[in-house]
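Both blocks below hold the same protein chain, though in two forms, and each is given as structure tokens: structure 1 and structure 2.
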Structure 1
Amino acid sequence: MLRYIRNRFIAMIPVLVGMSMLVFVTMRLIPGDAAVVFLGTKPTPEAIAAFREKAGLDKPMYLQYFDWIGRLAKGDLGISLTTGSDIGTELATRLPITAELTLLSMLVAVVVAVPLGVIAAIRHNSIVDLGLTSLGMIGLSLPNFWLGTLLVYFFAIKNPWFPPGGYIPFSEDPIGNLKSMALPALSLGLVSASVIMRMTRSSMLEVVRQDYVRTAQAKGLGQRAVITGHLLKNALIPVITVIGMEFGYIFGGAFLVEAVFYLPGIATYALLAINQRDYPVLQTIVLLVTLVFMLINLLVDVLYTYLDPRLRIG
């Protein structure tokens, strides 16, 4: 197992290098000039040239790439072109906010989706199943930022139960922190719950037809024991795959939700970088999201081996 994990980490290196090249070139293809954005609407040619020289943008593109990737390999994430702040320091401040939002959203998604998926499968072809399946289809069609706007209107403006936006650190006020993260987590979690619920239902329906389930029922085991000990355990493998994918999507796709709720996470940081053509910031964030995706995939593969001994790797 350790050798497998080591080989997976080694395999991540060319993927990250390829992604770094892709994101580096793509950033340069975005319309606009970082110097013009930073200096204003009517900068002088001399001011533009000075800014580009100071930021290293006057060098050939391949030299800019090697300078950036060389510093990155040493752990130096670079300096923001527009604010002059250290990118590593900014990410260290903002990453916990996005990570908390991601974890709370996944908690909402799993707690809502798995029980509803099990109920829909047990009540297959009933009114309950039809209602839950329809609810899942509605959830799939809802953009998370639009759902977030509705939640703000109903639960922050119409009924002031939660704050409409902003962030309160957990260390300052734990209750206030959870209140400030409740609506953003629901916005992301409920949409992901629709995907997970549908997969849970499909996987349960596939497992329920297996011989060992009928054997367990013939032995006189109760419905709860059959569901928890046989059905759910064996149906979890494809569900965990979807949960892992949704975890990555939530982490990388919180841009608009963080903007709606004024959360100072890395997604908001990335949006500011896009508007300001801040290449080093955006390149680093894209690579970070890529790394998170790959680590989640690795974690999912490792979890497989504990859920199904047949998949264990020597």
Structure 2
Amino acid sequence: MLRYIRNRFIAMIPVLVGMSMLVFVTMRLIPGDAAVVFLGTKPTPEAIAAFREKAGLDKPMYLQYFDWIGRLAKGDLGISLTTGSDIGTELATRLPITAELTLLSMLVAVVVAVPLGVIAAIRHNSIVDLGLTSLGMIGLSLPNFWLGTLLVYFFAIKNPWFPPGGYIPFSEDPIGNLKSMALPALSLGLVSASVIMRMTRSSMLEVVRQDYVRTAQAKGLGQRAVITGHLLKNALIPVITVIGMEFGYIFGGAFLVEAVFYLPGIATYALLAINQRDYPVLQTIVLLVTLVFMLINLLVDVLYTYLDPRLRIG
């Protein structure tokens, strides 16, 4: 198991290196000079030269790349071109917001999806199954930013039960924090729940046909014991893959939902950086998100080698 994880880590390195080069070069191709954005509309040539030297923009591109990687390795994420603030500090306040949104959304998705998927599978071809699969199809097709908009209208404007937007830190007001995150987490989570529910249902139906399930039933186990002891553990393997993939979706969806609910997370930061051509910020965020995405994929693979020992060889 440890060897497997180590090998997977080693396999991540070339992808990460490729990715970092791609991101680095791409960001430098963005039209518009950062110096002009930073220094205002009419900077003197001297000011531009001084700025370029300070930001290291006068060096050859490959040297800039190695500088950047070297500093990243030391934990120095660089300085924002537009605000001059430390990117690491900024991320440290914004990352927890996006992380909270992601985790709460995932929680909503799993808590809703897995039980409903199991129920749909047990009641296969019944009216309950039809209702749940139709609901799943509807959820799958709902754009999260529209769902968020509808939730704001009905549960913040028509009935002011939740705030329509903004963020309250957990340390200041735990209840307020959860209230401010409820609608965003529902917007993202319910859409993912549809995907996970569909997978849970079809995966359960696949497993129900297996011989060992018939054996378990034949030896007189109750329905509950068969479901929890035999069906779920085996049916969960593909479900976990989908949950892992949904993390990526939720991360992408955070861009929209943070915009809908005015949450100051990293997605909002990235959008700001795009508009201001602040490429040190942008390249750091892209790389960070990619790294997180890869680590989640790794975690998913590790989880299912744990659940399915047959996958451990190789």
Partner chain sequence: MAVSAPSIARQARVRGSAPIWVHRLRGNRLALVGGTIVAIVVLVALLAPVLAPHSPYEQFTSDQLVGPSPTYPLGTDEFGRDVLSRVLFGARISIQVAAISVSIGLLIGGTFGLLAAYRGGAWDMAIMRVADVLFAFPSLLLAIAVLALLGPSLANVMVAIGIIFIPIFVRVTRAAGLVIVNEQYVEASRASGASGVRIALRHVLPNTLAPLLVQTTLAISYAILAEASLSFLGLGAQPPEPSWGSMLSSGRGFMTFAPWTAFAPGAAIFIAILGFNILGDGLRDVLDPRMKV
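Each residue is numbered by where it sits in the sequence of structure 1, with counting from 1. What you see is a predicted model; the values in this text were computed from it and never measured. For the two forms, the rigid core is made up of the largest set of C-alpha atoms that agree within 1.5 Å on superposition.
I need to confirm something. Of structure 1 and structure 2, which is the form predicted in complex with its partner chain? Structure 2.
Superposing on the rigid core, is the Cα displacement of residue 262 between the two structures 2 Å or more? Stays below the 2 Å threshold, so no.
When the two forms are laid on each other by their rigid core, does residue 279 show a Cα shift of 2 Å or more between the two structures? No: residue 279 shifts by under 2 Å between the two structures.
Does the C-alpha of residue 71 move 2 Å or more between the two structures once the rigid core is lined up? Comparing forms between the two structures, the residue 71 CA shifts at least 2 Å.
Core-aligned CA shift between the two structures for residue 24 (Å): Here the C-alpha difference is 2.5 Å.
Rigid core superposed, residue 48 Cα shift between the two structures in Å? So the C-alpha of this residue moves 5.6 Å.
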